[in-house]
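Taking the form predicted on its own, here's one chain by itself in structure tokens.
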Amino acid sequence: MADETRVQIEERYEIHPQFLFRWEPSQEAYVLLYPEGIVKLNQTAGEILRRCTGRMSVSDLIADLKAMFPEADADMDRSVRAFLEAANAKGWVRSKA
């Protein structure tokens, strides 16, 4: 299937140490800070990355988000995995062994 991601549900992700992830009151959003700039995250991206501590599996992360947002669409699993794949490709997160 063409839209499957390479992110496996048992993997654990953490924010790459090059980035500083935090809530920025002036932006009213989570941000990723790095030496060359800043990435302002939307609410969904912020909630996903907030859980990327290296302790939760992708499966646990999705279950946590589903509990927080029960009205979310049925495609949450695929959407979260696709976001993590994109964030990994951008170097924002890395899989923790």
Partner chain sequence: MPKDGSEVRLDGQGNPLWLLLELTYRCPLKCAWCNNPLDFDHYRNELTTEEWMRVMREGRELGALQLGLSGGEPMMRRDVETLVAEASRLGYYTNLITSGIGLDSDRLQALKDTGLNQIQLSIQSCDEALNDELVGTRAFEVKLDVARRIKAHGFPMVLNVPVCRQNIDQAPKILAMAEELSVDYLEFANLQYYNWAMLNREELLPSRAQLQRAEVDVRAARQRLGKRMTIYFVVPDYYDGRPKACMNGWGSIHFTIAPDGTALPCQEARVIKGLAFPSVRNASLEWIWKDSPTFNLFRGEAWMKEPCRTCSDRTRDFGGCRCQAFMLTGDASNPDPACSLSPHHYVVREAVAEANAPGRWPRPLVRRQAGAITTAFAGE
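Numbering follows the first chain given and starts at 1. Predicted model, so just to flag it, every value in this text is computed and none were measured.
Although it is not shown, the form predicted together with its partner chain is what the next lines describe.
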| query | Between the options 50, 55, 40, 66, which residue brings a heavy atom to within 4.5 Å of its partner chain in the predicted bound form? | reply | 40
| said: Under a 4.5 Å heavy atom criterion, is residue 9 part of the interface with its partner chain in the predicted bound form? | reply: no
| said: So, residue 85 and its partner chain: in the predicted bound form, are they within 4.5 Å at any heavy atom pair? | reply: yes
| Does residue 24 make contact with its partner chain in the predicted bound form, using a 4.5 Å heavy atom cut-off? | yes
| task | May I ask you to state whether residue 90 is within 4.5 Å of its partner chain in the predicted bound form, using heavy atom distances? | result | yes
